[in-house]
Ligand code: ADP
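Only one chain is given next, in structure tokens, and it is the form predicted alone.
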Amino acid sequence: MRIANLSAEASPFAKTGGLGDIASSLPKALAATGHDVDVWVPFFLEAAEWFRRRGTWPEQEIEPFDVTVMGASHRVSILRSTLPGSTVPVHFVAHDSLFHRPGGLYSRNEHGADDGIWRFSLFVRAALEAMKRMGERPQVLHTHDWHPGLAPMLGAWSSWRDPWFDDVASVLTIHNVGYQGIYGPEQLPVLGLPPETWTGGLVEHGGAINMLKGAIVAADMVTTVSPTYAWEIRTPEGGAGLDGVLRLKASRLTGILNGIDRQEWNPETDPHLPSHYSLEDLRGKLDCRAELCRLANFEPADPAMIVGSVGRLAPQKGYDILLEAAPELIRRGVRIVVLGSGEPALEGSMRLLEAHYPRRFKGFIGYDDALSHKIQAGSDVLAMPSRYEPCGLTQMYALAYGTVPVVRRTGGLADSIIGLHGENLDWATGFHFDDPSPHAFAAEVLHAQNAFFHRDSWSRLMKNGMKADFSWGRSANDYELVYRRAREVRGLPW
């Protein structure tokens, strides 16, 4: 099957989180099973810098051409490379004034305005036009989140019914329903869609354009990144205002748990670690723990449990919960290492904790890929107290590295971690808590600490997690079924 993935992010070229990881890992897994897969992404400044650091550059794939948005022509180029460690093609849509901006992938324009609807509409139109010029019509357009959401809308609602779409099915994956692409109604002409898409409520939501809603309505199939999240987003509490349309789309909605790239996340081969280790020989993990202690200025000989956490500092991720619980946990003997950046107030709390509890709390502000691997390998416990978590990859990395997760029971965390309770030590992989509060989180960390000092029990938990299979092979098979279903129901009412 020929599958074209459209995404705002793709690791390692340009990413802010799990979306970038999935948009590269899933295509590689699908290609390994024999599918013809490629990836289309904007050529952001971050991607250009990635190539420059390596002294290389993607090749020009076809002659530059013009894309028209609201009557104005924009000259774009299509550049080509491959996903590292694979032969999967990556096609970059290059337009310097829209994509080569400082300040991150989703930065505003020079006037301080959010022009994402312009940027990503041009990206979609350029990608589709390039596919036509290259004679590469996919059987499935797989779009990720709202940014390329115009693609399924064009296939479903183009007023001239472009026959190019007649044999193209569409799949939308919602990585986080909280990000919807909301713009004022005056921006509707940017999309180039028939007026009835607004008057009929296809893209209109609460008096505004809602790109995610439009993509949900237009797509032949919709997936989310875990089964539990597929249920949560159909509730008023979890749907971020789109629960109604998602309930209507329930027969075309399914949750598929993400996988992880075991080439990148493997303690037996990880180049970032001072020593390698495996399920059969865990001795190298002690060296990794000692290395983390050195980096965090902890006493290596201290047997106290080390809790690590890596992520975006935001209330969604529960970092306010973790930081509020930290003083009590430190008082009870726990040491804590956090790597992340985000809200200034949470970064400030990390600095205060580090000042008050030197050699017991260490906060690394920012993101460092090598350090994230070292924290995963060197910690005893990984903490993820998320208020909601569509899937989460960090807890899966932890399991692969023999680091035991303590997670809130929500979304993909509930689907991927088996909490220890009663008599389930033979198959438990971590610890669960439900109430999103510092008290509940601290209580579960202390539950983990009690198990930590029973070395046989802890060793069993570590090994149970390392045996878990969260490779992309399983998930890729599920996506293949979704693609086949999308082609069966293409264009049919739901």
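One rule holds for the numbers: they count along the sequence shown, beginning at 1. As the structure is a computational prediction, the values presented were derived from the model and not from experiment.
Heads up, the form predicted together with the named molecule isn't pictured, but that's what we're talking about next.
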Counting only non-hydrogen atoms, the one stretch of 78-86, 108-116, 300-308, 368-376 within 4.5 angstroms of the named molecule in the predicted complex is 368-376
The named molecule contact in the predicted complex: residue 486, any heavy atom under 4.5 Å = no
Within a 4.5 Å heavy atom cut-off, is residue 14 in contact with the named molecule in the predicted complex?
-> no
Is residue 312 a contact residue for the named molecule in the predicted complex, using a 4.5 Å heavy atom cut-off?
yes
4.5 Å heavy atom contact, residue 143 to the named molecule in the predicted complex: no
Q) All three of 255, 417 and 472 touching the named molecule in the predicted complex at 4.5 Å, heavy atom to heavy atom? A) no
Answer key: of 187, 341, 278, 269, within 4.5 Å of the named molecule in the predicted complex (heavy atoms) is 341
With the partner omitted here, the residue among 245, 393, 193, 330 that in the predicted complex has a heavy atom within 4.5 Å of the named molecule is 393
Of the residues spanning 212-237, the ones with some heavy atom within 4.5 Å of the named molecule in the predicted complex are none
